[in-house]
Each structure stands twice: as C-alpha cells, then as structure tokens.
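Just one chain is shown here, as structure tokens, and it is the form predicted alone.
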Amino acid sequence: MSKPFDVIVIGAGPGGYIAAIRAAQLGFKVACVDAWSTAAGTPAPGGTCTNVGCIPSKALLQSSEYFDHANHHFAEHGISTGGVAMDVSKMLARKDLVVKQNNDGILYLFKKNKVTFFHGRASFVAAKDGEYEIGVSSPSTSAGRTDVVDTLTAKHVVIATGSNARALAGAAFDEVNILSNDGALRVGAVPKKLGVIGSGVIGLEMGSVWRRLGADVTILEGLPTFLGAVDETIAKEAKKAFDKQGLKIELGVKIGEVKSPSTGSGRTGKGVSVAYTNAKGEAQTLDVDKLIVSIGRVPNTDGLNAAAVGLALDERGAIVVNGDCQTNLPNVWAVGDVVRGPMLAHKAEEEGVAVAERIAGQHGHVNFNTIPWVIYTSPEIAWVGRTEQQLKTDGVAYKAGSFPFLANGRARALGDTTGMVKMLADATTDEILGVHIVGPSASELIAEAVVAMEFRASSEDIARICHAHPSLSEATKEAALAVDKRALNF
C-alpha cells in the first residue's frame, strides 16, 4: 500500500534537505528519500557536500593549516613548539566526527520540521491520476534494480540527486591509488609524492592539504591558463602564492596513459605513473604514490528510472529544467548539481528554497549573478559577479579599484598580508559589477559584496559605509574608494 505525501524530495544533499524543510515549513506533508550510508549502514544525509565534499575537505584544510602554522609561522609570534608531528589517523577521525555531526544535524532538522525520512534509493515507478509513484529500495541496492520496500505517492516531486566525480578515460577510480574527492579525503598516510590532475577547486584544496602535511605535490592542468574562470589579476596573485608554498602547477598539459595496479595491462605494482605532454610539446612522466583526479563532475541520474515517466535529460545526463527549475513533467522539479548552472552547495540550497516556495504559489528567488564562488586554499579565493576579462569581452565600460592586504592593519597583525580586494563598477552608473578577493578570510569578506550587488549598490555606497577598524573588511572599503582613485591607506 502506498504512502501519500504532498511533496517527495529525492536526495538529502544541500538542495534536497533544504527543499524538504522549507516545504514542510509551508505546511506540506513532505517525504525525503536518500541512500547515503555510514560504514555501519546507518543514514548519512547531506549528500556529497556533507559526506565527501565541502564539510570534510574544510575539516582537513583546517587541521593541515594548523599544522603548517605550527611548523612555519608560530615562531614569528614568539611561540616555541619544539617537534611537531601529525597523527593522520586522528586528523581523519576528527574529520569523520565533523561529518557525523552534520549528518545528525540534518536528521534532527527533519524531525523538528516533521519531514518523513526514508533511508533508501528512490526511483520513479509511474505517473497516474495527477500523482507520481516513487519506489524506495534498500540503500545498498545497485542502480538499475527495483527491489522496492516502500512505495510513496505525491503530486509534487523535487529531484536533488547531485553529481558524481568525472573519471579520467582509461583510469577508473579505485580510491586506493587513483582517487576521486572521496578517496582524497581518506588517504591514511601522507604520500611522499602526490599527483593531481585538474587545478580547479577540488584539486587545489586537496593538493594544499597534503602539501602542508609534507607531500611533494604536482598539479597537472590541461588549460593554458590558471583558474581561467577567476579574474586574471586575482588568479596571478594566487598562482604566485601557491608557487611560493611549493605547489608545482603545470599548465597546458595533455594527459596520456595512466598506469597503476588497477589499470589492467598497465600495472606497475605500486603507485601511479602518468604520461603527459607539457606545454612545450615534450613527453613527460610523473610517478607518484597517489593520484587525485579532479576534472569536473557529472549529473547523477543513475537509478532514477527517468524513462518510466518520460523525464527529459540533456546530452550530459542533466535533468532539463526551465528558469524556475521545472522539468518537462508537470509538478516535477529539479535542483542543484543535477541541473544546469554552477555545481555549488549554496546554489542548490537557494534553488531548493525557491522551488518549495513556488510549489506553495509564492515567488521563489535565485539570482545567478550574485552567487559567490570560493576556493578554500591559503590564501582563500572568492568572487562574485563578472571578471575584468568578461567585461572587456562584453564591451562594458567599467572602472576598477584594488587594495592590497599588505596595507591593511588587521592583516599585518594576523601575519597574513597576501593578496588584495578588487572591485569593478560600471563607468557611468557606478553600480558594482564584480568583486574579487584573494587573501585572508576571503570566504567571509565576499558576503558584503554579495549583499551590495543584490541591492544594486554602487562602489560609492561601500566607500561611504563605516567599517570597523582594524578589520580585514576595511580592504573592501578601500577598494571601493580606489574605484574613484581616492584610496586613503595606499
């Protein structure tokens, strides 16, 4: 016998669990189905972000940064530490605890908001009488099987099934030698040599973690430019910092054969060997103990049984939606990594809230132009809006102002003066078009820029707002002043 609901949410990652909670707050009877499990088989809601993405990576970044500070920076503060050692198993245990706390927090929020949670794999069964029938199988059921243990029905379905790491052709993930983001978070000992393919967010963050702990890290990037989506000035500043730290980043490479104990005829017995051609066209070989592959992610629709109801997918396997996250099917919605747009947890959350409110007849709001981006390396990199190169390409007349953390009193006191804040504004109206930051606490500083742009503020507005002294946020004010060539402290 089926269990009736008003809204069924498939997936309990950032987009899914937030959509379920918001829908419940709006008075709907809501079910959320998710298959993530702990090693013990218990529910682990939170999706990639909580389990093998945003949350655990930040835990490791924090631990490794403390270790790096103790080894290289405490002395300048007058702190003598003696011999400093890293217990990797304890670091990983702390990371796992942080993940569990977030898992448990989501389950608590479901209970608090009266969301019914089903631990299992959801798939479409049929559409009839204006409702959708969703089968829930065991969480361990492989994609493609339909061993249904529960049947749910609802008028509205929200799909938030996220994404999976993209594998390199001929080098499948074994999570022992060739690692996705998942395996990169579970390396049990510091590798002597670590290779990373891809210099995006995951590659830089995971490369930074293991570099701080003592690994010799080489990052291979196929594109000829470093962080091509980032403002060029900011990317160049970040590259200088990473070079100084000892991250070896090679651009414009072409990856060839990857050999490891798990790649069939190419077995080497130990470690991983990567053949590649460098930017000069020279044949090279990189031999490493572990290889992290971070070349993007693909939408996850495996096991959803989209064909059963005629749900439209595009050539990438993403669910086709319109600007309001509506699919081709009435009352079926999709959010987050499984649809178009940036694969960011906070983008998924905003879409989840917006969809729940649209189901309730309200006007959900998501502004893609003010979604912030962050890379949690040291220095942190954060931005919102358009880059200078984009404005030039679009033919937009603009003004630019920047301010270095080297001239910021709080940054000097912190002992971290790397980087700058850069602001771009319309040459005629002075409306802020983009803000780009590389430096300490960039992930927190960017929020002011997001608020300003959401309310279509001008650089003059930021320049006229009183900022606390001493604070890192003063660099944002000074960058705004610099747009009009009147910075006061540089």
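Since we're looking at a predicted model, the values are computed, not measured. For every residue, the number given is its place in the sequence shown, counted from 1.
FYI, the form predicted in complex with a small molecule isn't displayed, but the following is about it.
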Item checked: Ala122, heavy atom within 4.5 angstroms of the small molecule in the predicted complex -> yes
Margin query: I'd like to know if Ile10 sits close to the small molecule in the predicted complex, meaning any non-hydrogen atom pair within 4.5 angstroms.
Written below: yes
Margin query: So, Asp104 and the small molecule: in the predicted complex, are they within 4.5 Å at any heavy atom pair?
Written below: no
Notebook entry, point to check: Are any of the heavy atoms in Lys58 no more than 4.5 Å from a heavy atom of the small molecule in the predicted complex?
Noted result: yes
Checklist line | Answer option from Pro43, Gly434, Gly53, Pro440, heavy atom within 4.5 Å of the small molecule in the predicted complex | finding: Gly53
Check: Just one of Arg340, Lys155, Arg94, Arg297 has a heavy atom within 4.5 Å of the small molecule in the predicted complex. Which one?
Finding: Arg297
Next item on the list: Kindly indicate whether Gly47, Leu344 and Tyr376 are, all three, within 4.5 angstroms of the small molecule in the predicted complex, using heavy atoms.
Entry: yes
Check: Just one of 241-249, 208-216, 107-115, 299-307 has heavy atoms within 4.5 Å of the small molecule in the predicted complex; which?
Finding: 299-307
